[in-house]
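A single chain comes next, written as C-alpha cells; it is the form predicted alone.
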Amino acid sequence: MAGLELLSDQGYRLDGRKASELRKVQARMSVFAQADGSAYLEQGNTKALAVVYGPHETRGSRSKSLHDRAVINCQYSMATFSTAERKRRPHGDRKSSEMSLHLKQTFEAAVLTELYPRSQIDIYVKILQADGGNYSACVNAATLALVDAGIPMRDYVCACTAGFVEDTPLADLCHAEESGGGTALALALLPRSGNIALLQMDARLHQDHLDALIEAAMTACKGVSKVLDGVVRQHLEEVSVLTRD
C-alpha cells in the first residue's frame, strides 16, 4: 500500500485521525471472577483479554523458582476468529512464543517481583480481534489485570506503536498502516519515570528519524496512561459502592 493512501494531503489518516491521535481506548476490569485479576481492553478495533493468576507457589520443577524474586510466566495467543483468515493458531508457534517473551521482559521491568520470592505470577493474554498494535493492546490489558490482582508495580506499563509515512510520525498504527511497508516501532513505557520497558523495531530506519519516532510513541503511551488510570479509578469507585451497599 502506497504512503499516499495512508496520509491525505490534509494530514488525515485512513480512519480520519490526525498523525498523533490515538485510537479510542476503552476497558473493563474484573471480567473473570475465577482469576486473581482480569481485564478486557479495546484499542480501536483491536480487542484483547488478559487474565492473571498469582502470586502462587512455582509449579513444576523447583529449579525454576528464584530465591530472591518471583518468576513471571506469560502466554500470548490469538483467537482463530481474530483475523479475516480462519486458520488454526497453535500456542507454540514462533510468533506467539516471541510475543510471550516480549511480554515477559516488559513486565519483569515493572512488577515488584522481589516482594514474592520463590513464587510465580502467570499472565495469559489473548487477542480476540486483530487490527494492529497487538502487543500494545496486550500490555495495556495485562497492566489492568495486574492492578486488578493487587500485584504491586513500579508504575502502569503503557504501550503503543508508532510509524513513519512520508516523514510524518504516526501514533497508534492500525493494521493497514502496520502492513503498509513503512517502519513500525512498538514501545512500552513506565510514564512517571519515563523509563522504557521494551522497544521493538523490525525494519530499518535512518538514525535521524529515530528520536522523532520514539518521541511520538512515548507521547502516545502517556495518553494511554491517562486512559488506564481513569479505568482503574472508575473501577475502584464501582467496587467501593458495591461494598458499601
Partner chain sequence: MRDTPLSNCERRFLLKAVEEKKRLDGRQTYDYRNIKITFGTDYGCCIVELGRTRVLCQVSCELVPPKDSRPTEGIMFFNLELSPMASPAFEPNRQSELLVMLNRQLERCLRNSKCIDTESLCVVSGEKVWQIRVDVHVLNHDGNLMDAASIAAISALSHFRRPDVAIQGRDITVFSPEERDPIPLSIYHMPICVSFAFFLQGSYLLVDPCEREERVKDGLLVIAMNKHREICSIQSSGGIMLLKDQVLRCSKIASVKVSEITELINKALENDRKIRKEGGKFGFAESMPKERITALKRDEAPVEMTDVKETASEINILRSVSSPVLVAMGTAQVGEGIVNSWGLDEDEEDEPQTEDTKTDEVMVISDSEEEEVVILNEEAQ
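Residue numbers count along the first chain shown, from 1. Fair warning: this is a prediction, and the values are worked out from it, not measured in the lab.
Keep in mind the form predicted together with its partner chain is missing from the figure; the text below concerns it.
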{"property": "Its partner chain in the predicted bound form: contacting segment from 23-31, 212-220, 39-47, 52-60, heavy atom within 4.5 Å", "result": "212-220"}
{"property": "Heavy atom of residue 197 within 4.5 Å of its partner chain in the predicted bound form", "result": "yes"}
{"property": "Proximity of residue 190 to its partner chain in the predicted bound form, heavy atoms at 4.5 Å", "result": "yes"}
{"property": "Its partner chain contact at residue 201 in the predicted bound form, heavy atom, 4.5 Å", "result": "yes"}
{"property": "Residue 97: touches its partner chain in the predicted bound form, heavy atom cutoff 4.5 angstroms", "result": "yes"}
{"property": "Its partner chain: the contacting residue among 168, 105, 75, 119 in the predicted bound form [heavy atom, 4.5 Å]", "result": "105"}
{"property": "Residues within 4.5 Å of its partner chain in the predicted bound form, restricted to 28-49 and counted by heavy atom", "result": "none"}
